[in-house]
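For reference, the chain that follows is the form predicted on its own, supplied as structure tokens.
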Amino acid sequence: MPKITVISHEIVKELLPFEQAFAIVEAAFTEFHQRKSQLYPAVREMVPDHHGIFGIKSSYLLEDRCIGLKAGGFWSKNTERQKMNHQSTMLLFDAETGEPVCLLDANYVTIARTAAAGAVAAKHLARKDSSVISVIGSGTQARAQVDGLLRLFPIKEVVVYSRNAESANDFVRQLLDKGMSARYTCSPEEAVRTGDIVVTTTPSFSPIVQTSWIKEGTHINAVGSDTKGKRELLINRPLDKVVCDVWEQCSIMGEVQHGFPRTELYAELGQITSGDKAGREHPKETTLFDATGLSIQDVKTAFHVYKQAKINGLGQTITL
């Protein structure tokens, strides 16, 4: 019978520092573009009885001989239960035999790989001298996105807008405690007009940000839209470069699902990380990264955690 390594949330965090997640995710985008991995169709469905969205994302890493899936989603009422809104679990399989090899908590995997994807996109698309982050949203992913960007750019100020003023002010206090200059604004327009890098991290189904608000040279990481019908942006002024993680998925559940034509897409991110296409080429360019989250990011990150757990004798092994 197959033996499975079970890895807890705490062990995942221990084995996945941000720098490692960043390198893994950048490599995952490149490998996907080079056809060294395969994405399978994503499932993303509403669970209205419980205010939830449930999804399954899966993929195959050819060189690592690993197939994996992540199951879970977003439960908007979990905050009231003192639980994370995002909940997910992963299962990895040996691609050669089909046997399951690892079960792990994927909540931190999701946080880390999404923050890393935003940082990878900004590395290639934002101005190197970007000094102001404007973040729309104040939840776990907003904080993770900002933390990743602070590691790459000479940030002088973080401007936070959220419909939840209490959460936004708590986020600002956390940043101030770390020695960052940060402030809350009750106006999304004021936040966006300020930012060199704008990050949207909400579960919104109606636009919060208009591209006509952004100044020249701004980069946008649109992270929140990952389900059919979700929408954070109104693209009412054309952008110089629109990039997505993968068109087939973004056109169904990302920002570009709302009437954005395939012919106007500049690139998928893997084309840029691989060097086949240029990222930012001019300081005045306006750029957008539409991130829906790819299973290859989850599986490659989780596979790294699994390998490190085996090397270090961490996790619990069970026999099915």
Ligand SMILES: NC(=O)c1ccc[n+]([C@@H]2O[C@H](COP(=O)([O-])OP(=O)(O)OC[C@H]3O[C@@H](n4cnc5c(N)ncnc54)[C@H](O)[C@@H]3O)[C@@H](O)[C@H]2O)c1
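Keep in mind that what you see is a predicted model, and the values were worked out from it rather than measured. The first residue of the shown sequence is 1; numbering continues from there.
Keep in mind the form predicted together with the named molecule is missing from the figure; the text below concerns it.
Distance criterion of 4.5 Å from any heavy atom to the named molecule in the predicted bound form singles out 202 from the list 130, 88, 202, 211. Only one of 221, 218, 162, 134 lies close to the named molecule in the predicted bound form, with a heavy atom inside 4.5 Å, and it is 162. Residues within 4.5 angstroms of the named molecule in the predicted bound form, judged by any non-hydrogen atom, belong to 141-149 and to none of the other stretches in 141-149, 174-182, 96-104, 235-243. In the predicted bound form, none of the heavy atoms of residue 270 sits within 4.5 Å of a heavy atom of the named molecule. Residue contact with the named molecule in the predicted bound form: residue 167 places a heavy atom within 4.5 Å of it. When the named molecule is considered in the predicted bound form, residue 196 lies well away from it, no heavy atom lying within 4.5 Å. When the named molecule is considered in the predicted bound form, residue 108 lies well away from it, no heavy atom lying within 4.5 Å.
Looking at the named molecule in the predicted bound form, residues 44, 230 and 292 each place a heavy atom within 4.5 Å of it.
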